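Listed next as structure tokens is one chain, alone, in the form predicted alone.
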Amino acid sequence: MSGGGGGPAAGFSYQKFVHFALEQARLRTTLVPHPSQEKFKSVKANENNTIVNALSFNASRIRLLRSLTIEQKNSVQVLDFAGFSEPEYDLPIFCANAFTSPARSIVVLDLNPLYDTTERKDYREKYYKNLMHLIHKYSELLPWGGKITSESLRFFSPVVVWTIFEPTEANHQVLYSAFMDYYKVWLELVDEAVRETSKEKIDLNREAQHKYLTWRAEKDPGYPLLKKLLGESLAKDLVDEFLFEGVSALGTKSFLDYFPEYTRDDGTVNKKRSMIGKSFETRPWDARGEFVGVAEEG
């Protein structure tokens, strides 16, 4: 991605993204502080140059809307923002993860599918057929970030932005534009969603969201940084009770219940990043959102 003028984004902050998201949500609904906010809003890092901000809310149709930002002066900037609907809706999960160092920004921005869009064509048609304009707009501005494993793809949608770029002011402005577009689309989906009345389907939605939360809590790539900044105990609580709140409340299945292929001989979880050993060098979906990727070995 082209630098586009202006050197590294001095003073850049992901707080701008959070402020926009909460402002947009408040235009449409009433945000109520989520119980998890009380415990984590005053989290302090053990490094004086680091500021951690944690906010969480719920609202009509929204089970959890939460953000975590980490700001280290002249060093690392992190954004982890997500929105989860109530189980009465099968809505995609809004997901914005960004890690910026002085050298590069690594970004995932997506409307994560609640159900596999490769196996569930009906779900892909329902939500993504009319959203392909998002990735058509940003696929050149925020190009595919290179090899990514099949493991990482399992909860991505056909409109995912996965990109790595030089952290210039111009590039971050493009990212901010993409964040705004994706988030406004998600809020529109929330507004238009039809409440499910079938207990069976609600239970399926709840389990699908729990499966996602269980995966993310186990595989969170930011955990080593959180552990360094907060200590192991608080970092684990932040992951389980804040970032992926619901992993304990929405279901009782464990990570290995959902993903038995990660079971080691001693019954513990295999911590390797990829168990599948395949990777994708280029975007594996076509312009219509159909999966066409050909995986490469390792």
Ligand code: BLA
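As the structure is a prediction and not an experimental result, all values here were calculated from the model. A residue's number is simply how far along the shown sequence it sits, counting from 1.
What comes next is about the form predicted in complex with biliverdine IX alpha (BLA), which is not displayed.
Taking the partner from the other structure, biliverdine IX alpha (BLA) in the model of the complex has no heavy atom within 4.5 Å of any heavy atom of Tyr182.
In the model of the complex, at least one heavy atom of Leu226 sits within 4.5 Å of biliverdine IX alpha (BLA). Not displayed here, biliverdine IX alpha (BLA) is approached by Gly222 to within 4.5 Å at the level of heavy atoms in the model of the complex. For Glu86, no non-hydrogen atom is located within 4.5 Å of biliverdine IX alpha (BLA) in the model of the complex, even though that partner is not displayed.
For the options Ala59, Leu250, Val239, Ile70, the one in contact with biliverdine IX alpha (BLA) in the model of the complex, meaning a heavy atom within 4.5 Å, is Ile70. Interface residue among Ile93, Ile135, Leu142, Ile148 relative to biliverdine IX alpha (BLA) in the model of the complex, by the heavy atom within 4.5 Å criterion: Ile148. Between 196-204, 103-111, 182-190, 167-175, the stretch whose residues reach within 4.5 angstroms of biliverdine IX alpha (BLA) in the model of the complex through a non-hydrogen atom is 103-111. Residues Ile148, Thr149, Ser152, Phe155, Phe156, Trp162 are the ones in 145-182 with at least one heavy atom within 4.5 Å of biliverdine IX alpha (BLA) in the model of the complex, listed in sequence order.
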